[in-house]
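Shown below, as structure tokens, is a lone chain in the form predicted alone; questions about how it binds or moves come after it.
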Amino acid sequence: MKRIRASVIQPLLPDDDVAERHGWTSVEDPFDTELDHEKVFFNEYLTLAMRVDRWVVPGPLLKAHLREAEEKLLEKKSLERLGRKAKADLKVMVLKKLRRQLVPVTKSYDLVWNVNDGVAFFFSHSNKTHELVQELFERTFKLRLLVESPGTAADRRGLVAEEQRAFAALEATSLATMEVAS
């Protein structure tokens, strides 16, 4: 529980230098970060949600505010144009100002781990999300996740020698073909 609590999501703040943050929350409520044994364990199952918070500032909104801030700065300093560094600094300032008026986009993904069987189920099709949960899981539990495959399932089942030989002799079979329309 100590390691889980250490990996609970920390809310994004407008002045943070990061645009995205992830961490554990309750599977029942993605805004519940006060995790205890009763919220995490159900019999032999450990259940958590990985919440991902991300700042999303719409491009046209950023562009309009950036143009307005640039015009004010040019007028204030009596300049004709801003240098690259000044523009970059201005963009950071405008982004932080806009973040104070917005809330981060929040997504939550459930993870269920049968600690007796050693099998974890994670519900997402996104490769990026898989990488995030794998990194968070490994950092929290100091265990490496393996993607389920026929080989890992066979290893987990504990095949006898004859079954291992039969499994090793299997060849991949295509169950579908893709036809190209002419």
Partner chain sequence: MKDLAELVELNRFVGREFLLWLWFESELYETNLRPTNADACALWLESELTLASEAEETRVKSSTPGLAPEAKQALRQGKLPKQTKLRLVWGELEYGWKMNADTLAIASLKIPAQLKSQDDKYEALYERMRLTESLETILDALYADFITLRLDVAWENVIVPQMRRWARGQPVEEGKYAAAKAKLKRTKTSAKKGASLEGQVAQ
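Numbering follows the first chain given and starts at 1. Whichever C-alpha set is largest while still superposing within 1.5 Å between the two forms counts as the rigid core. Predicted model, so just to flag it, every value in this text is computed and none were measured.
We do not show the form predicted together with the partner chain, though everything after this point is about it.
Of the candidate stretches 81 to 89, 94 to 102, 68 to 76, 108 to 116, only 108 to 116 has residues whose heavy atoms lie within 4.5 Å of the partner chain in the model of the complex.
The partner chain is not shown here, but in the model of the complex it comes within 4.5 Å of a heavy atom of Glu171.
When contacts are judged by a 4.5 Å heavy atom cut-off, Thr129 does not count as touching the partner chain in the model of the complex.
Proximity of Glu163 to the partner chain in the model of the complex: non-hydrogen atoms within 4.5 Å are present. Not displayed here, the partner chain is kept clear of Phe31 by more than 4.5 Å at the level of heavy atoms in the model of the complex.
In summary, among the residues Arg54, Lys63, Arg139, Arg157, the only one with a non-hydrogen atom within 4.5 Å of the partner chain in the model of the complex is Arg157. Contacts between stretch 132 to 165 and the partner chain, counted in the model of the complex as any heavy atom lying within 4.5 Å, involve Arg144, Leu146, Val147, Glu148, Ser149, Pro150, Gly151, Thr152, Ala153, Ala154, Asp155, Arg156, Arg157, Leu159, Glu163, Gln164, listed in sequence order. In a rigid-core overlay of the protein, Ala19 has its C-alpha displaced by under 2 Å between the shown form and the other one. The Cα shift for Gln10 between the shown form and the other one, taken after rigid core superposition, is smaller than 2 angstroms.
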